[in-house]
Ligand SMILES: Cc1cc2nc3c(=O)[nH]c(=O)nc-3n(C[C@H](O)[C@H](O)[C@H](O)COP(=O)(O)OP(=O)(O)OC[C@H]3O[C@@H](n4cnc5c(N)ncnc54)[C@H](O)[C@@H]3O)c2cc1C
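Read the single chain below, which is given as structure tokens and is the form predicted alone.
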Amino acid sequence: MTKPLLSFEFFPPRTDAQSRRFWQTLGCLETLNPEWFSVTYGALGSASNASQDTVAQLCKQSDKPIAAHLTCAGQTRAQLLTTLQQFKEMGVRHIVALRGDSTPEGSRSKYYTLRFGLELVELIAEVGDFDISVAAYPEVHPEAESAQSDMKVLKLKFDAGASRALTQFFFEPEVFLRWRDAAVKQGIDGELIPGILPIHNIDKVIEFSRRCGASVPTPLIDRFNSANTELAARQMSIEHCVDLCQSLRHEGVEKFHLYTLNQSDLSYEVAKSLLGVKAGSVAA
């Protein structure tokens, strides 16, 4: 079995302490020779500025390709075109296209011409010179009418120019495999890459999962709640992620997108295990 290809996701640091952790995390994971890094995006004001600043620094300081996230909610077509041009000037050639948090009907300006992720994919494809990734939900987008309608929208994104879908996190291999089967049945032939979240704090994961439509299996919750020490919980998280990825690899999955939460320890250990990297060595 060949070594898997990995990518890692970060959010832009907003404080000096976060910045120190960010660069330490990036430097640690860079030694594992990932396929690319991505940086999340805040749609408005200082949040988007922090994202673009981080992307610009990464493009200068890392030799790995950088994928810039971009959301369309709350932005005009002109603003998005300007941002895409700025990314292009930085050397970014990979965009993760997302809707972002929806704008309430009552406050939506008539100038905010893009409402859905599909429209953003179409705009980026129109601009050209970008590789496009999109988000996908193995357990169905929280706002989708049904699993079928959710999958149809994903197919339209691929038809519009997306190359791959990065999934929301999940904790059982069957969740991804059933969804992959449905995607293939829908006629989707682009890359379907599972998003993997190492569990740093089970209570926070449960809370966040409720908001984004992901489920956390009760046996997994019970296992973490039974952990007597932080070290035991840490080891449990690593083993769960590795087992999840290895199960998917046996089903032909060879690419994984890890959500780092700007913390290198768990993602690094998971990635090392998947790549077969021994302690003290560096991935080729």
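Throughout, we count residues from 1 along the sequence that is shown. Everything quoted here is computed from the prediction, not taken from an experiment.
One more form of this protein, predicted together with this ligand, exists but is not displayed; see below.
- Contact check for residue 37: every heavy atom lies farther than 4.5 Å from this ligand in the predicted bound form.
- Under a 4.5 angstroms non-hydrogen atom cutoff, this ligand in the predicted bound form lacks residue 224 among its neighbouring residues.
- With a 4.5 Å cutoff on heavy atoms, residue 41 counts as touching this ligand in the predicted bound form.
- For the chain shown alone, residue 166 is a contact residue for this ligand in the predicted bound form, at least one non-hydrogen atom being within 4.5 angstroms.
- Stretch-level contact check against this ligand in the predicted bound form with heavy atoms at 4.5 Å: of 175 to 183, 148 to 156, 198 to 206, 83 to 91, the positive one is 148 to 156.
- Just one of 129, 143, 191, 126 comes within 4.5 Å of this ligand in the predicted bound form, counting any heavy atom, and that one is 143.
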